[in-house]
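Below are two forms of the same protein chain, given as structure tokens: structure 1, then structure 2.
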Structure 1
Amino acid sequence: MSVSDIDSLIQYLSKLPGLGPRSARRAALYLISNREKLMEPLGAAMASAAENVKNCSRCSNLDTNDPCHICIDPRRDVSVICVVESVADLWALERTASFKGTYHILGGILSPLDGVGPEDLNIRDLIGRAAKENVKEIILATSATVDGKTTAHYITDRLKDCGVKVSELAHGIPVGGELDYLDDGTLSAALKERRST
């Protein structure tokens, strides 16, 4: 491996969340020192994921299958959809093992300051699912930020004519909090204590 290859590895590692230049250098050294046990299998796993992982055409989850394993699981209650901002939020809720319905990933939240409008999010497909599928309840699990609440309000307005119950996460989600950073107990309590909007 040439010096430029090492520099390139460090530069790519430093772009990962939580890794600055110093941490990236340490990670690169560790990977190179454990080339056969870690670096080569990691490279193969990354290449495989890059080739095979795709978004579910129904809920936008990441999986190697389309529809994803959650959407096709017969034990899931397809009449309840939990709306989240990102795959990270879906994973956070799945860690709790409290939710047995299906999901819908928006791909972000409304943010006029950042130029993100309704057309930039996966809202139209959600409305379509609510209208066409036998959906009884939609749980809005957006972040407790101003933009998250604005997104939830916008979706609630769009769902008024669909005849579905709309609820949102309740106790335990702090204002300004993001789902991916909350502990499992807080998320479980929030799911159980959800309320209608």
Structure 2
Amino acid sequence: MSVSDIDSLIQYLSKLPGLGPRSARRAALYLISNREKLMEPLGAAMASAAENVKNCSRCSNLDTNDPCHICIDPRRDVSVICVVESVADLWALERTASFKGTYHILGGILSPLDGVGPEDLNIRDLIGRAAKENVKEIILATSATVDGKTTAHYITDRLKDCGVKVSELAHGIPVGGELDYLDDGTLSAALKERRST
């Protein structure tokens, strides 16, 4: 391994989220010193992922198969679609293991500052799915921010003619949250959305 190879490895590693040039140097050194145990399998795994991982044509999830393992799972309820912003949000919901429907990934949210308009998002496919597939409910799981909610309201408007039930995730006090430490916005939203016991 020449010096320029090490430099280029450090350069690429420093582009990863959470890594700066110093930590990239440490990671590169660690990889080089564990060449057989880590570096070669990692390189093979990266090459294989780069070649095989693609977007699911139905929900835009990342998988080696198209349609993805979630879309073809017979135990999943295909009449419920959960709309999320990104694959990271899908993974977060999958971690809970409490949602048994299918997903639809928008690929972002409406954000005029970043030049993201409705035509840049995967909304047309969602409307197509709502109209074609036997969908009963669409759950909008966008973030509880101004842009996230604006996107949710926009999608709700577009889905009006599809005759599908549209619901949103609730927002309020998180599990383990103490009132004293919660921000005013969350507390106000929780009070507004209170329910009878």
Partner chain sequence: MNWFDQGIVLSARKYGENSLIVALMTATHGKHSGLVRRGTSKRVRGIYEPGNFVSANWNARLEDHLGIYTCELVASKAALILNDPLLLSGLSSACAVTECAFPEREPHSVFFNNFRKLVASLDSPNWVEHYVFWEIRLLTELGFGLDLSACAATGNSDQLVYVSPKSGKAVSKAVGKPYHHKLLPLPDFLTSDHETADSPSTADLAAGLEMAEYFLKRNIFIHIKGGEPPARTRFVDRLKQLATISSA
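As the structure is a computational prediction, the values presented were derived from the model and not from experiment. Numbers follow structure 1, counted from its first residue as 1. We call the rigid core the largest set of C-alpha positions that still match within 1.5 Å between the two forms.
J.: Which depiction, structure 1 or structure 2, is to be taken as the form predicted on its own?
T.: Looking at both copies of the chain, structure 1 is the one that matches the description.
J.: Superposing on the rigid core, does the Cα of residue 182 end up 2 Å or more away between structures 1 and 2?
T.: Yes, shifts by 2 Å or more.
J.: Once the rigid core is matched, what's the CA displacement of residue 191 between structures 1 and 2 in angstrom?
T.: The alpha-carbon displacement, core-superposed, is 18.5 Å.
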